[in-house]
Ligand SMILES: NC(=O)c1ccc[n+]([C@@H]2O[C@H](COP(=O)([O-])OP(=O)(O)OC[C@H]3O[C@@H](n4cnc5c(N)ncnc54)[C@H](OP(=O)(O)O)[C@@H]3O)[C@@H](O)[C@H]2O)c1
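Have a look below at one chain only, the form predicted alone, in structure tokens format.
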């Protein structure tokens, strides 16, 4: 498998995703380890040969984290405090796969205690003093060895990778983005709910009590045209995050972004349809060539692809349906699919950690 296919970033070709012996010497904590993203992150760390005795899993209660890779079980202990770093003695690096309220309290406490923090919640992403990083795009922000780094919203990360190539080649003036977001974007509860609804619809025997659905309506065989709460102006929280985060990641504070987010009955992978107005005339051949060689991307020539089912579990963001738009020579349309639990969350966070310079 090539470096690009394994999701490595430039300069980090020595191990899976750039995880070297230096990184393996760290004591790493995953807070929120029993959720979909925390579980994926533990799986990635084990795949990168991080010693299991140096992986500390925390959640709301005691338990075991059972992972598919080698049928490994990791102990999970409860997080005693969100305001103090008492649970993290000896920890070098903490991944916060936690709700925003917990991250907002815990991240500063950990940093104060000397722990490096990668926060996967939305709590700190838009703070001017906190880098919001997709390593293939703005990894240079990590050169200063920040103690706290924010991981983007999963849809933002997936959209940003191809958009960064477009921006570099032609400039960007305006984006219209529509997302088709998988059930697992709502965490383990989203996956369980979709599975339960599918069994119920097929007439299969129920397996336990119905899960508490995170959705406002049945998702199986349905589409819900908003993700997260909708404000008085009709914009959802998810749509606002995408607009603000894309501007910050791409370094384009004045970029016009219009976004609509929808939840679809897909287990894994978010998809985005993007229409761009460029700053220069489009050259499709040049764009395809650059997308094909860009790290973290996989170009598909299938006129009916990419598709979530085939992309699930893979590292790259898959890009296809690339075509000129109808609004003149500076109009571009494309479709992108990414596994939002991997590149949209756990894998991107691991790549951030891999790219952080050693502490002096």
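Numbering follows the first chain given and starts at 1. Worth saying up front: this structure is predicted, and the values here are computed from it rather than measured.
What follows is about the form predicted together with this ligand, which we do not show.
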Q) Taking heavy atoms only, is residue 114 within 4.5 angstroms of this ligand in the model of the complex? A) no
Q | residue 348 within 4.5 Å of this ligand in the model of the complex, heavy atoms | A | no
**Q.** residue 294 within 4.5 Å of this ligand in the model of the complex, heavy atoms
**A.** no
Q. Quick one: is residue 187 in contact with this ligand in the model of the complex, heavy atoms, 4.5 Å cut-off?
A. yes
Q) If contact means any heavy atom within 4.5 Å, which of 301 to 309, 36 to 44, 49 to 57, 316 to 324 contacts this ligand in the model of the complex? A) 36 to 44
Q. Are all three residues 79, 98 and 341 in contact with this ligand in the model of the complex, where contact means a non-hydrogen atom within 4.5 Å?
A. yes
Q | Contact residue in the model of the complex, chosen from 121, 213, 260, 91 - any heavy atom within 4.5 Å of this ligand | A | 121
Q. Among 278, 102, 264, 252, which has any heavy atom within 4.5 Å of this ligand in the model of the complex?
A. 102
(Q) Residue by residue through 292 to 306, which ones have a non-hydrogen atom no more than 4.5 angstroms from this ligand in the model of the complex? (A) none
